[in-house]
Ligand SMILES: C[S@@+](CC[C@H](N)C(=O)[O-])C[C@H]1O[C@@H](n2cnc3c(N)ncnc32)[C@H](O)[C@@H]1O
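As structure tokens, one chain now follows by itself in the form predicted alone.
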């Protein structure tokens, strides 16, 4: 997928002055950023007590997502690696505090002061080694550990991500869990190629009722759980499913249906009124390859 910007250049190079202004002036991108940020705020599940919260916008860019946070009545701190993007944010008079830095080296924010964190289309950049000194696993570890420290206990972090494949998603989720987070992946509109969006929803602290993974949006604008949404997604686990194992191992691990299973199925058919052959000593016996 050559269209993915993270495969073309490091973020601080890809989002240069020209690209930053082009990105911010696109009405389509502005609309998409607003929609994604609104959904991230919804998944944050902040208490509706009328008190403004201090939020962290990781990969804030030119402040498009920050505008939605401001409109929602919250204070925010923006963190981005691209000087050009932050320059545009200053020109647009973004109301958040802006920090220039690499999230792969840690956030450097005071412990326990952040009420929630969001990130729109940024975290998957950590999976690339843009420099010889970059090790994606170490960068993910530093990022999630520093994020865990700066969040208040029980606070949530919601990341809208575009993982390149299942292994990349599991890599991100795995290091989040190792840092101490609880949660999982929410996939909105899983059957739609255009509307499909993935959100990593994490809670700072051990698993509890408040850290349960929220339900995703389905095709009919109603909520649908991950289990309903897609048969090819193992969203809340870090293990690789059987379909990704080699074909030979699948055959070796395949369970053979024995006599008990056959007798049980035949009894079920009889209760439904179907004509079923009588049980004999040959029932479910495997035929020999040749006589």
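Only a predicted model underlies this, so the values are computations on that prediction, with no experimental measurement involved. Numbering follows the first chain given and starts at 1.
This protein has a second form, the form predicted in complex with the ligand, left out of what is shown; the following refers to that one.
Query raised in the report: Picking from 196-204, 166-174, 122-130, 180-188, which part of the chain touches the ligand in the predicted bound form when contact means heavy atoms within 4.5 Å?
Result: Comparing against the ligand in the predicted bound form, the contact stretch is 122-130.
Query - Single option in 77, 150, 81, 155 placed near the ligand in the predicted bound form, where near means a heavy atom within 4.5 Å - result: Of the listed residues, the single hit is 81.
Report task. Answer with yes or no whether residue 117 is in contact with the ligand in the predicted bound form, where contact means some heavy atom within 4.5 Å. Result -> Answer no; every heavy atom of residue 117 is more than 4.5 Å from the ligand in the predicted bound form.
**Report entry** Residue contact check: residue 60 to the ligand in the predicted bound form, 4.5 Å heavy atom
**Finding:** Residue-level check for residue 60: yes, a contact with the ligand.
Query raised in the report: Just to confirm, residue 40 within 4.5 Å of the ligand in the predicted bound form by heavy atoms?
Result: No - in the predicted bound form, heavy atoms of residue 40 and the ligand never come within 4.5 Å of each other.
Query raised in the report: So in the predicted bound form, does any heavy atom of residue 64 sit within 4.5 Å of the ligand?
Result: Looking in the predicted bound form, residue contacts with the ligand include residue 64, since a heavy atom lies within 4.5 Å.
Query raised in the report: So in the predicted bound form, are 23, 85 and 101 all sitting within 4.5 Å of the ligand, heavy atoms only?
Result: Every residue of the candidate spot has a heavy atom within 4.5 Å of the ligand in the predicted bound form.
Requested in this report: Go through 132-171 residue by residue and record those having a heavy atom within 4.5 Å of the ligand in the predicted bound form; state none if no residue qualifies.
Outcome: Stretch hits: a single one, 139.
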